[in-house]
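Here's a solo chain for you in structure tokens, the form predicted on its own.
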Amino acid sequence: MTRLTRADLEALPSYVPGRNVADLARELGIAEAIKLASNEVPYGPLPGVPEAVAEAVAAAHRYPDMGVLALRDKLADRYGVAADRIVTGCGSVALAEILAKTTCLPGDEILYSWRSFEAYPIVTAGVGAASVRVPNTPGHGHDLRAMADAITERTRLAFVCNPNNPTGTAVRAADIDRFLDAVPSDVLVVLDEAYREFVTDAEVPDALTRYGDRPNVVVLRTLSKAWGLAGLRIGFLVAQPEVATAVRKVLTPFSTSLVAQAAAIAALDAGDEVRRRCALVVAERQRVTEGLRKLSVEVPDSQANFVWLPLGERSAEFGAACEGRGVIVRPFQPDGVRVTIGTPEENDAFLAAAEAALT
């Protein structure tokens, strides 16, 4: 039989989204389940976003602005960078895929820590490149020295997820400085900062301000998390103009929808509310961490809107136990479990489920 698709994709795991809450609620016969599996912020759309979406939908029969000029100008003003350095896309994960496509040919290498964002091996395989996975440190963070040592002549792209998904750990400025100084100038380093807004450690740098002018650095951000636009899929990157221009050449045309552009512009006007919501998440993050540590779980300090339970082979069992009590979490068998920080009531339900599962 003629093979119609690439044979190497058979060994590639599919991206696993958080489970549907309605399905679990039906299974358990309860009114509503709790989803703490997808790192969403639980407070609803930001002020002004629903109105902007409703207005934009009236023009849904028209193509969006392919250049995304108004939104790029808005982002440029907010983050203090030139608009020609900004590229938007269908979430930061789509831009990670486009960066792999921009830099790699079959046989090239993409370097990243593991465990890290589960999309990295998928986007690597998608362009026919080879994954180079560097094990996390015993503290569940990036081993940047080992990553620098793993660079070869075939390395074209390196992802540094900071804070790291799914472990929540973050690398500090001194370590990133050393890493970037060790990386050859022809290797593109992507500093993936999807969870930047939740960082409270002053030693964890804002990559846009500290590294944004380096020729071989790209900074990834998203509006899916703190900015509450997960359902509209919009992210952006900041790179040097020549890199940004190359990315646009392979970007899917019209990939930032008309509605997403309007929603993002409205959301960016609500910075004070975003900071308020992030503060709520941070306070609950600390409370949940302390609660889990009382259960003898060695939870690493998180700088994201989730916590990591390094439960090893017990991960899937723990996830199933939580689901049995109506709480959906995200097991990464056989390493650990990632749990999103929700509302205080949702977090209470999770802690009760965790206590039942662990004691």
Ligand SMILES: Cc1ncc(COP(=O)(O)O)c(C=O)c1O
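Quick note: we count residues from 1 along the sequence shown, nothing fancier. If you're wondering where the values come from, they're calculated on a predicted model, not measured in any experiment.
FYI, the form predicted in complex with this ligand isn't displayed, but the following is about it.
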property: K225 within 4.5 Å of this ligand in the predicted complex, heavy atoms; result: yes
property: Contact flag, F117 vs this ligand in the predicted complex, heavy atom cut 4.5 Å; result: yes
property: Contact test in the predicted complex: G168 vs this ligand, heavy atoms, 4.5 Å; result: no
property: Residue contact check: G91 to this ligand in the predicted complex, 4.5 Å heavy atom; result: yes
property: Residue stretch of 237-245, 281-289, 91-99, 206-214 approaching this ligand in the predicted complex, non-hydrogen atom distance within 4.5 Å; result: 91-99
property: Residue among M147, V123, V190, A194 with a heavy atom within 4.5 Å of this ligand in the predicted complex; result: A194
property: One residue of A260, L157, C161, L71 in contact with this ligand, assessed in the predicted complex (non-hydrogen atom, 4.5 angstroms); result: C161
